[in-house]
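Given next, in structure tokens, is a single chain: the form predicted alone.
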Amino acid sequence: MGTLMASTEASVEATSKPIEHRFSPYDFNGGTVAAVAGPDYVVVAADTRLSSGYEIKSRHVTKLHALTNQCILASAGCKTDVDQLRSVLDIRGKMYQHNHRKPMQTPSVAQMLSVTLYGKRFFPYYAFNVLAGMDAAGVGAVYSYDAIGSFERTGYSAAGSGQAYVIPFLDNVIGNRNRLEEKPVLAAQEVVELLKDAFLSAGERDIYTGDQVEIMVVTKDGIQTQTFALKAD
């Protein structure tokens, strides 16, 4: 009888205490993005898988977004935050074009993205961004970002769930790190094939990278797009 009363009292005490509920506005939807700059081109690539936890929500979601006809934003992370970020950048880009009668140059887009991310530093966009395009001199440019807008121009970059697998590959074949031979000058099509290999490798190790890789080649003449099949499991 005493045991029953003690059990009842413990149950009442447990249920009478406040129940803590947790809520996160963020969801990590995975994905990998990468970009490589060349002397007269830039190549941007991203997979098309959209995941949540261990579920694949979609196999056909693009992570690449053209901000101008020579500038691409590649974003992985939380899909809703990425969509909102794209919307804000599109609006500001249109305002600039209406005011100045010309599209924004890629370095200016890079600065605008930095300011936009920094403006949300107390409640950041959960987006991992790589910006790529052609600069005013017709040279490929890649910009790498952190969550609150710090950025730098680099020769190549990657972000997202497969970053840890793609960056060492790019360090080796693009950056020519720790090699004795002279750094090669690669054509755009060679870089496309290398990025296909990088995403095939990442897809073997990262469950959030897969289905297809979408590749955009940006030159002074515009943007060319192609896709390449990855593992679907």
Partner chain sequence: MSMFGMEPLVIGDDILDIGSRKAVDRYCGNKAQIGLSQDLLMGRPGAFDVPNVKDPALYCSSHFRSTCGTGDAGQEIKFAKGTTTLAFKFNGGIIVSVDSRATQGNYISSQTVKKVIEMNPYLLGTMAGGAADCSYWERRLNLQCRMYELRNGRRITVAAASKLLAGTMASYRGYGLSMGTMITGWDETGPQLYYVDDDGTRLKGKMFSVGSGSTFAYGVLDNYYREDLTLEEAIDLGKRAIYHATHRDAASGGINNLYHVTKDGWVKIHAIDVNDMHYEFEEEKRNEMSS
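Please read these numbers as outputs of a predicted model, since none were measured by experiment. Residue numbers count along the first chain shown, from 1.
What follows is about the form predicted in complex with its partner chain, which we do not show.
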item	value
Its partner chain in the predicted complex reached by all of R22, V88 and G149, non-hydrogen atom within 4.5 Å	yes
Proximity to its partner chain in the predicted complex (heavy atom, within 4.5 Å), stretch among 58-66, 25-33, 38-46, 184-192	25-33
In the predicted complex, Q111 touching its partner chain (heavy atom, 4.5 Å)	yes
Interface membership of R121, its partner chain in the predicted complex, 4.5 Å heavy atom rule	yes
4.5 Å heavy atom contact, A137 and its partner chain in the predicted complex	no
is_contact(S161, its partner chain) in the predicted complex, heavy atom dist at most 4.5 Å	no
